[in-house]
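A single chain, nothing else alongside it, follows as structure tokens in the form predicted on its own.
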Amino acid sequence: MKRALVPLAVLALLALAIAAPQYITVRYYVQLILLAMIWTIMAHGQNIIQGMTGYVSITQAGLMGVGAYASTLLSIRLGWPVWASMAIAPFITALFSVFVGYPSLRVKGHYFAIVTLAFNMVIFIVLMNFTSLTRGEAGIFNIQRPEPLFGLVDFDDRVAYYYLVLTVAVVMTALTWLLMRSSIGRTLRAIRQNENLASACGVAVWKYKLFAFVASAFYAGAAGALYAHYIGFINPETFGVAQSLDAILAVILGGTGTLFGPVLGAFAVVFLPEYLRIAESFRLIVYGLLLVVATILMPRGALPLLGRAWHAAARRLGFPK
């Protein structure tokens, strides 16, 4: 995709996202788009550690659970305003990830993936068994939405909450763009390309890897808080290993290391299973086969293909290069 056409594509997508609740009459589809935007935030975080740094983490959903439970417990048990609990939840998740990431990032390659997988399982087991705090499998009900903004915007309305999530997703995407363009982003990509060479050049590799892991956790915590206060109910089943694998797939399917690949991948992992419900008995089989075929035929993700299609269409319509 040519640079001159990128802003036009971004503005078009943003305009579609803003207009969607006004023109989609089926509220269920609005909910799916809202959930896909929450997954976009989580996938951006996954992309920082996986796509930019080259380390596959299988604990993103577990970290999302930390954010969800942190915000929920702060608002319900301690009586914090929902806005305050949602704002602090990503920082609690990031702080927790320091203790997870510090030992995990001492290993490389598939060993790192195995260690993070173990941590996701530990988080799941704690959430399931620490019933005095999390209520275990029964979950926590009646999680409140944020208080009305300036007494005017009522977030009990699904459309209002949609625009809140859209705002956060846009801000997180902008932060990712700034990170990619910064010296930190260039260093992370250097680690992905050749970690040993980066270390030989004097880069404190483990510090940058830890930063990437903590940043990815921050995104996961934000997504978890938004999810908890939208759904109004959480239990550990939502934050298991399967959901962490979906976050990895979102990055791979959309385009690893790209800015908008996680956006595309997040919508794919939310919408595809829903459309395959028509074949309920074979849904997971068909879903798995589609993912395998897509990974083989599109090793760089779907975004480069869409970029070429967009450029070809723009050229036919006479847009400048």
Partner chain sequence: MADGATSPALTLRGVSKHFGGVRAVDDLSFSLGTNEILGLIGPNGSGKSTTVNLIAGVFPLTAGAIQLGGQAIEAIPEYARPPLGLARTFQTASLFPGFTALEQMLVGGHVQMRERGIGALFASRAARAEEAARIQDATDLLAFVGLGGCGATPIENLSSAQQRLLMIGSALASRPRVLLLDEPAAGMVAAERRALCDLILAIKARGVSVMVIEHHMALIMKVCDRIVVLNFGQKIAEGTPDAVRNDPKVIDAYLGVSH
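Here the structure is a predicted model, which is why all the values come from computation and not from measurement. Numbering follows the first chain given and starts at 1.
Form predicted in complex with its partner chain: not shown, discussed below.
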Of L179, A160, L95, A87, which residue is found within 4.5 angstroms of its partner chain in the model of the complex when only non-hydrogen atoms are counted?
L179
In the model of the complex, the residue from L73, A198, V168, L210 that sits within 4.5 Å of its partner chain by heavy atoms
A198
Within a 4.5 Å heavy atom cut-off, is R186 in contact with its partner chain in the model of the complex?
yes
Consider V153 of the chain shown here, and say whether it contacts its partner chain in the model of the complex, taking contact as heavy atoms within 4.5 Å.
no
Indicate whether its partner chain has at least one heavy atom within 4.5 Å of a heavy atom of G79 in the model of the complex.
no
How about L133: is it within 4.5 Å of its partner chain in the model of the complex, going by heavy atoms?
no
Taking heavy atoms and a 4.5 Å limit, what residues of 157 to 177 are near its partner chain in the model of the complex?
L175
